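The chain below stands alone and is given in structure tokens; this is the form predicted on its own.
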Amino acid sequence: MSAFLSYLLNGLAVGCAIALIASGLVTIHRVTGVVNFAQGTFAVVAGLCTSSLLGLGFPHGLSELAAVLAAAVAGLLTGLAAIGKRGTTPLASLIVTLGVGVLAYAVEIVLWGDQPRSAPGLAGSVTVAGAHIQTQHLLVIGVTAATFVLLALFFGRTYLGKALTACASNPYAARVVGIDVRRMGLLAFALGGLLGGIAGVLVTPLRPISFDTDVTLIVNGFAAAVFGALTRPVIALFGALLLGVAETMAAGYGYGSHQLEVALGLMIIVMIVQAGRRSAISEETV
């Protein structure tokens, strides 16, 4: 029972990191209609920056903050490349984000090499009902919870947040009232980079980061985002937690080499069930 609880708590921490990636995808897609396949790159950039800054002797806190800001800048630059030119279609922008991800591989290899890097996090562990959980996992869960609360306050209480929500709900009406939809799209990309950066600095102490780690991150993040129909961050959060727990359970009970397949298979089943319920509801309302 203690092993099960340990896998569950660790899975929740993994799911929280996935949720941050997914929330960045949802934020960008809601405002711009673009699926940003460079989202995992932002986490990798932040993780590698954190490792380098700590290695140079910079203190914790400052290193992570600088790394997250670097990821936000990377998000903004990706937005400029993807939607900077007016009239660019969402499909063309999607292809641009794929190109940015490939370009990032080359840049990361030049700057950091092709070997995985890690960074020290919070040491120690705590015992919960007989189950041991790393302190870093608790930090991931706490920071993710705080981030989602701050996002809710940002979108619900601030002018910029309400402007982003307006662009997501009805971009044409947003233009009529004077909101620059393109500028809001760039802000969404920067915010997506920020969220990806937070995921990166939290995950790097738990698992080594290399230039190609973004593949696993974007696959998991996209699956969770699709669970929320790429529009509902809270539903994407639940999907990410489900993914994280499924992967950790699969690894813990001897299926480590197939944990991604197990998790994605579970997500497909859930989405099929969801689609069936929507069809039933639609038929009832006709």
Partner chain sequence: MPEESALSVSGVSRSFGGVYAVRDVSLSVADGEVCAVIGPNGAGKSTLFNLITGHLAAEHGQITFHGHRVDRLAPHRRARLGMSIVFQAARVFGGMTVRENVMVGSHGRTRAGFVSAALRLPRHRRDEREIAAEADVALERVGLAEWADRPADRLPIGQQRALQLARALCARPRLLLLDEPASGLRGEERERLASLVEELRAGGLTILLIEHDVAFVTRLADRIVVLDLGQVIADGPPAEVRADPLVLAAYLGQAS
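Owing to the predicted nature of the structure, the values given are computational and were not obtained by experimental measurement. Positions refer to the first chain, counted from 1.
Below, we turn to the form predicted in complex with its partner chain, even though it does not appear here.
Contact with its partner chain in the predicted bound form, defined as a heavy atom within 4.5 Å, holds for exactly one of 166, 128, 138, 100, namely 166.
Only one of the listed residues (104, 184, 119, 72) places a non-hydrogen atom within 4.5 angstroms of its partner chain in the predicted bound form, and that residue is 184.
Contact check for residue 173: a non-hydrogen atom falls within 4.5 Å of its partner chain in the predicted bound form. Although the partner is absent here, residue 85 sits far enough away that none of its heavy atoms falls within 4.5 Å of its partner chain in the predicted bound form.
Taking non-hydrogen atoms only, residue 207 never approaches its partner chain to within 4.5 angstroms in the predicted bound form.
Taking the partner from elsewhere, residue 132 is found to have every heavy atom lying beyond 4.5 Å of its partner chain in the predicted bound form. Only one segment in the set 154-162, 73-81, 209-217, 119-127 has any non-hydrogen atom within 4.5 angstroms of its partner chain in the predicted bound form, and it is 154-162.
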